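In structure tokens, one chain follows: the form predicted alone.
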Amino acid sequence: MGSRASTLLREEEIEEIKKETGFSHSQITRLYSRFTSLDKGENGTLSREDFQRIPELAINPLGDRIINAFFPEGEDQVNFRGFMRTLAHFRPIEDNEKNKDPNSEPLNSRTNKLLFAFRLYDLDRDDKISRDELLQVLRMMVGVNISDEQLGSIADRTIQEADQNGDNSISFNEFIKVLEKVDVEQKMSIRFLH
């Protein structure tokens, strides 16, 4: 059962993915096995529908936003490499890699984790979070448990606290500043088996 995954993935591909994402050889082969089990079309790519069959994403209020993060703009399929690149944002940072290569920031760095989170809110991809975008995401997260008036108040307060340049939106730099005391590493990491 597990051998199918390693035979379809060439050794040089595994090495390239290791370099790019920081995942170990065994993590890559295990995730490839999961990828192929999700690939209902058996064409080497995943569709949005394939992701929607994952129970944890189906019940997550931001599931659609997370699924969208796997797909480059205008694409409706993602290959294994793209799948791994997105998952790498959630890989914990190991102590031995914190200052590895100053010229290239790993996909799982604090900045890249924050950029991933920022993009979940930046629905129109204009590099800022507007009040409407914040309201949409808040509504996804709380459903009908809070009135529109209360949600509006939360959105207004959030923007008021984060917006430093007075444009009534939150830029990525303002987003970083607001979250500077949050343990992003702990909150945005998934422990992958070794």
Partner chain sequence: MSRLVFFTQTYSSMPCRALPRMAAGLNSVSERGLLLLLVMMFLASTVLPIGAASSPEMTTRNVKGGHDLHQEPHGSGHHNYTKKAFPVLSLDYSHVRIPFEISLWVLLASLMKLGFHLIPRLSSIVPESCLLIVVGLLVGGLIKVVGEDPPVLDSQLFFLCLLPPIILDAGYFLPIRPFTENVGTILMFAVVGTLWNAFFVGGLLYAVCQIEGTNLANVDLLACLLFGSIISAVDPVAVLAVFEEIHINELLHILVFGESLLNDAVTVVLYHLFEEYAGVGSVSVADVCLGVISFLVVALGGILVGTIYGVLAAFTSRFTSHTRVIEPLFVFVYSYMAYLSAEVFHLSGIMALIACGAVMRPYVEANISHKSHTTIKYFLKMWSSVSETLIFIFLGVSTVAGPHSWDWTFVTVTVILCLVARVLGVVGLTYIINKFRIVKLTTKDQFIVAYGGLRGAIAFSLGYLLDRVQFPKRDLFLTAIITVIFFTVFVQGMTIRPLVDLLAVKKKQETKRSINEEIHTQFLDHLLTGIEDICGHYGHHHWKDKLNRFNKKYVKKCLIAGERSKEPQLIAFYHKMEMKQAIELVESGGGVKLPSAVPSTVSMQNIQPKKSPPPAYERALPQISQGREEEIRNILRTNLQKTRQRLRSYNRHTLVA
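Predicted model, so just to flag it, every value in this text is computed and none were measured. Residue numbers count along the first chain shown, from 1.
A second form of this protein, the form predicted together with the partner chain, is not displayed here; the remarks below concern that form.
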Exercise for the section: May I ask whether H25, F71 and L115 each come within 4.5 Å of the partner chain in the model of the complex, counting any non-hydrogen atom? Expected result: no
In the model of the complex, G41 touching the partner chain (heavy atom, 4.5 Å):
no
*asked:* Does any part of E185 reach within 4.5 Å of the partner chain in the model of the complex? Heavy atoms only, please.
replied: yes
| query | Is the gap between I17 and the partner chain in the model of the complex 4.5 Å or less for some heavy atom pair? | reply | no
Taking 4.5 angstroms as the cut-off for heavy atoms, does Q160 touch the partner chain in the model of the complex?
yes
Near the partner chain in the model of the complex, with a heavy atom at 4.5 Å or closer, the residues from 43-57 are F51, I54, E56, L57
